[in-house]
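Presented as structure tokens, the chain that follows is alone, the form predicted alone.
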């Protein structure tokens, strides 16, 4: 039985996807409605979407916005979270602001941001940045707080400045927690990207999805949902491999379930 378990473990995600597609196919045939295409119809529409130059340009535009928003969040949120974790004054200043912003759905800010910045890339990238920043700040904050004071005292005794202690001690020690926040942020970036593009319908994967719904092309709608889901799986798997390589020295280097903190 051990050999069977070792064989099935790597195949578990694939078997789960096949099972979901089978349930979808059966449910669609049972309901027999035009607004709910079968899984096979949705799968057949995927090559048409990926083979269309305009659709590929839209999808690549979405990935570009997502990458820029995530990169800006990493560059700003990680230092801010580390500072909050090591300075009570910085935490006292930013905590109330974050508590106000955190419960607000970031897509709800899209109409206001559109009034200020228009419906172009800047407004969508800003919404992605806002949606991604909070979990990265939170995990960076928690990682910095967990650093042992003895390590910092030792660094100070060796003549390290506060900035060097932050870079040489706090950042490496907090890295496993920071990468957990970045992984959560990666998935939220994909969700926020699609949502913003469905609201500000100019270009992108969300625009393809919403236009197909307007024209009652439901096989394209569900095909785009599958494409977005596949993008999320691929990006998350790639980041998890990178995370495991960066923190292999830590217990956190082992595979972890995705958190939505």
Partner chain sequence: MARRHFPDMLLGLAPILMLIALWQVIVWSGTAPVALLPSPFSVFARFSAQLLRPEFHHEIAATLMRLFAGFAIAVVLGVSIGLAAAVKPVVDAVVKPLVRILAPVPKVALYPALLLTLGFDHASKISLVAADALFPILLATYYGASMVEQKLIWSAMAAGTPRAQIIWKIVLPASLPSILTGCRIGLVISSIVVFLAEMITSTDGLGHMLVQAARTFQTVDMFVPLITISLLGLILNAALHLLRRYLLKGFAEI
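These numbers were taken from a predicted model, which means no experiment stands behind them. Positions refer to the first chain, counted from 1.
The same protein has a further form, the form predicted in complex with the partner chain, not shown here; the description that follows concerns it.
Tell me whether 60, 63 and 215, taken together, all sit within 4.5 Å of the partner chain in the predicted bound form, counting heavy atoms only.
The answer is no: none of the three residues contacts the partner (heavy atom, 4.5 Å cut-off).
In the predicted bound form, residue 39 touching the partner chain (heavy atom, 4.5 Å)
Close contact is absent here: in the predicted bound form, residue 39 is far from the partner chain, nothing within 4.5 Å, heavy atoms only.
Look up in the predicted bound form whether residue 179 has a non-hydrogen atom within 4.5 angstroms of the partner chain, and give yes or no.
The answer is no: residue 179 has no heavy atom within 4.5 Å of the partner chain.
Partner proximity in the predicted bound form: residue 56 to the partner chain, non-hydrogen atom cutoff 4.5 Å:
It does not: once the partner chain is placed as it appears in the predicted bound form, residue 56 has no heavy atom within 4.5 Å of it.
Against the partner chain in the predicted bound form, would residue 120 count as a contact residue? Criterion: heavy atoms within 4.5 Å.
Although the partner chain is absent here, residue 120 would stay clear of it in the predicted bound form, with no heavy atoms inside 4.5 Å.
Of 43, 68, 49, 221, which one comes within 4.5 Å of the partner chain in the predicted bound form, counting heavy atoms only?
Selected option: 221.
Hey, which residues along 18-54 are within 4.5 angstroms of the partner chain in the predicted bound form, non-hydrogen atoms only?
Residues within 4.5 Å: 20, 35, 36.
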